[in-house]
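The chain below stands alone and is given in structure tokens; this is the form predicted alone.
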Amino acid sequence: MYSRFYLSVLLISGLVLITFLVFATYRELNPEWKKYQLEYRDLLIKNAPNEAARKKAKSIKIEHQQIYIKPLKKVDRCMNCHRGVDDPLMKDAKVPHKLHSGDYLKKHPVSKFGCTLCHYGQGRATNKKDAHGKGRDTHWDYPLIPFKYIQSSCAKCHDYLFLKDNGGEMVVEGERLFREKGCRGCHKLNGVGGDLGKPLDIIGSQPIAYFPMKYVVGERNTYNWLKQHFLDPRKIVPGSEMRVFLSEKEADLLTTYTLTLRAEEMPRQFRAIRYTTPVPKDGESLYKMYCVACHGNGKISAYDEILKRTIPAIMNPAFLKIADDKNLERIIKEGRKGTPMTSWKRTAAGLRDEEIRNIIKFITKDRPDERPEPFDYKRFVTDTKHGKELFNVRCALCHGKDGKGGKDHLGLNLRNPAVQKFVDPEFLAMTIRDGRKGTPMPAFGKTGVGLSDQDIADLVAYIRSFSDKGKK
């Protein structure tokens, strides 16, 4: 009985093994690429212009194709399925036999550049699924790049001056958007930029595991993550403080540009002359590059739902009347600790003194000629107790009873260490007295709410006392 059972098990195991060997042998003798090469040969025979060409087509060998790109140490086997990619007779054929579009292969022959250098995918693979690197079970970090982002590959070897008029317009336009949408206000590139977000120098080379794919719609790859993150940062990364408002087209342009930010350096024989993209030095361009993402046009002070704080109107004429260039330079260089306003000096965000001065020139271009009447805060003997009473009645509604502002208040956080350390009492006194026209901050002096100079001095003394309380 036992011998019959073991004999049955042995027989079944043998049948399974034989079936497996037959299937494996069949796949080995009939690889997927063989079918495509047979189709290609049939198409050549059909499209042959004469008998000699037809005879030559019939003699084409169906065999494994491989290109070794020595400078890159890359193996490329795409020609196993795409043998017609450089064949003019395949102009009207369908993929994978279709002739490559444009005249790119004239200067980029497949024998020298291969295919995956530009199109990505897995060059060593010999079947479509693995070669394209698509699907969850391919485990390939750089799947075939969508055609709409293919221009990003051009920037590996060509500079922006060349790309502008030679098929790289999306890269050039994406780089312009990157600057003008203020991306560097939060992200460093080549050591220059804000530090609220991650540096972007090699974002285009990061593996799929680098990106949180949980909320990506569609195939979970780097390309979809980047675009969907541009369109709705908080949907892809809950809690993100990224402030960006883009159209579909702008998201595609920025995705194309971002994919050019790679760690790999092409060998010299592959690179055309590379020029460093000129970074504009005028104040307006610098403002857009580093400031506009948070401050917008600089003339509106409002609570921001994304950053969870009030963004000051730094180009408001009433503010500029009392904020001198020295004060602005100190704020830009040192930042505002406890806020998204980072330090922009050379050793922090990488801006040179000249660039900061140019930004200040742009910010202050509409500064009124008339200067405010000095307050002369030092002449007063102040009463912080009276100042607290006034604060609770006049200021708490916008700045909060604790002076921290916040979601339910229009006013800034007056307890911020940067305010306490760098904003002098004279500046505070004039701001309270004259207000900020065009913002929710009214004038509290005699021409406004009606507080006396002594009342204002007491208010300033109380606000200045916040820093003392913070030390206790």
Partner chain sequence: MRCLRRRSITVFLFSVVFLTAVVMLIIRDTESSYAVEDILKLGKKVYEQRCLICHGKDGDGKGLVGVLRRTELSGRTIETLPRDFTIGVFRFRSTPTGCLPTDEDLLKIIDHGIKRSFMPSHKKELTLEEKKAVISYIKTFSERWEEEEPCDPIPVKKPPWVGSPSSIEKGKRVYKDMKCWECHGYEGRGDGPKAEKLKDDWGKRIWPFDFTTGELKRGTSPENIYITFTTGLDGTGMPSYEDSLSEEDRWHLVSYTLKLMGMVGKKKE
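Because the structure is predicted, anything quoted here is derived from the model rather than measured. Positions refer to the first chain, counted from 1.
Another form exists, predicted together with the partner chain; not displayed. Remarks below refer to it.
task = Consider K181 of the chain shown here, and say whether it contacts the partner chain in the model of the complex, taking contact as heavy atoms within 4.5 Å.
result = Result no; K181 lies far from the partner chain in the model of the complex.
request  = Would you check, heavy atoms only and a 4.5 Å threshold, whether Y40 touches the partner chain in the model of the complex?
outcome  = No, Y40 stays farther than 4.5 Å from the partner chain in the model of the complex.
ask   = At the 4.5 Å heavy atom threshold, is F245 in contact with the partner chain in the model of the complex?
value = The answer is yes: F245 has a heavy atom within 4.5 Å of the partner chain.
inquiry  = Check F444 for me: does it contact the partner chain in the model of the complex (non-hydrogen atoms, 4.5 angstroms)?
reply    = F444 belongs to the contact set for the partner chain.
query = Just one of K281, K401, K378, K385 has a heavy atom within 4.5 angstroms of the partner chain in the model of the complex, so which one?
reply = Answer to the contact question: K401.
message = Looking at D165, E305, E264, D353 here, can you tell me which has any non-hydrogen atom within 4.5 angstroms of the partner chain in the model of the complex?
response = The option sitting close enough to the partner is E305.
key: Candidate stretches 165 to 173, 99 to 107, 296 to 304, 281 to 289 - the one whose heavy atoms come within 4.5 Å of the partner chain in the model of the complex   = Flagged stretch: 296 to 304.
request  = Pull the contact list for 203 to 222: residues with a heavy atom within 4.5 Å of the partner chain in the model of the complex, in sequence order.
outcome  = K214, Y215 sit within 4.5 Å of the partner.
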